[in-house]
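As structure tokens, one chain now follows by itself in the form predicted alone.
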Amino acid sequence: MISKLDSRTAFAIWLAPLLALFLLLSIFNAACAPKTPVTEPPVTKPPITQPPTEQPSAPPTLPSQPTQWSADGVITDKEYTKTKSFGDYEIYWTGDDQYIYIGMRAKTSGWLAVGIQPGTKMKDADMVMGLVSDGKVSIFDFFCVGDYGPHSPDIELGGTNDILEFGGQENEGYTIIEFKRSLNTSDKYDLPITKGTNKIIWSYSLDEQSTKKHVSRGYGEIDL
């Protein structure tokens, strides 16, 4: 007959593996249990601000007289606001509420001219002619009475010489003439220069004598 001590010993031996197995299962379940997720604190982003809207700037106000205009026979940058080229003849101009400032440049050692508001051909053109001879500048306020001339000084027709300032020079095969006059001189032999488009006739000669015929001429427009 098995003694009580032997029965208890055998029970203990049988129970020990079960306890060990239970302990292992508990440890395994604890290790595999889902962990509580760690949440990051919310990131506060700076508010998005729109850049200030740029307002269009007002156009610059042009001076009442061209910047650094000078009747010295030198056409510089920004001295005139507009220009046109007709082959070897160039004309530059700018104006304000009272005056027009004109520069003429041609590949010649003779005279050059511009006529304002011509009628048919040369008739009724209000002409300004300039030349440089031996370093001396001469300018003429003419009015043309026929299709092909003659053009006479205003003062000989009973008008006035209305060229207010002028200058010029010869340089590297070119002659340059600059002058200033009123838009409206009130002389009946000077045609008004108006805002908008104004017709012109231009010409130049290879000779310094104002009575000699041009070698080139043409028509065009200037606008204020």
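Since the model is a prediction, treat every value here as computed from it, not as a measurement. Heads up: residue numbers just count along the shown sequence, starting at 1. Here the rigid core means the biggest group of C-alpha atoms that line up within 1.5 Å when the two forms are laid on top of each other.
Not pictured, yet referred to below: the form predicted in complex with protoporphyrin IX containing FE.
J.: Check for me: heavy atom within 4.5 Å of protoporphyrin IX containing FE in the model of the complex, for each of K82, T94 and I193, yes or no.
T.: Judged in the model of the complex, none of K82, T94 and I193 sits within 4.5 Å of protoporphyrin IX containing FE.
J.: Does protoporphyrin IX containing FE get within 4.5 angstroms of any non-hydrogen atom of G115 in the model of the complex?
T.: Looking in the model of the complex, residue contacts with protoporphyrin IX containing FE include G115, since a heavy atom lies within 4.5 Å.
J.: Taking heavy atoms only, is K107 within 4.5 angstroms of protoporphyrin IX containing FE in the model of the complex?
T.: K107: no contact with protoporphyrin IX containing FE in the model of the complex.
J.: Within a 4.5 Å heavy atom cut-off, is M127 in contact with protoporphyrin IX containing FE in the model of the complex?
T.: Taking the distances in the model of the complex, the answer for M127 is yes, it comes within 4.5 Å of protoporphyrin IX containing FE.
J.: Give a yes/no on whether I100 approaches protoporphyrin IX containing FE to within 4.5 Å in the model of the complex, heavy atoms considered.
T.: Flag for I100 set to no.
J.: Out of 190-208, which residues reach within 4.5 Å of protoporphyrin IX containing FE in the model of the complex, heavy atoms considered?
T.: Contacts from 190-208: I201, W202, S203.
J.: T120: with the rigid core matched between the shown form and the other one, does its Cα shift 2 Å or more?
T.: Yes, its C-alpha moves 2 Å or more.
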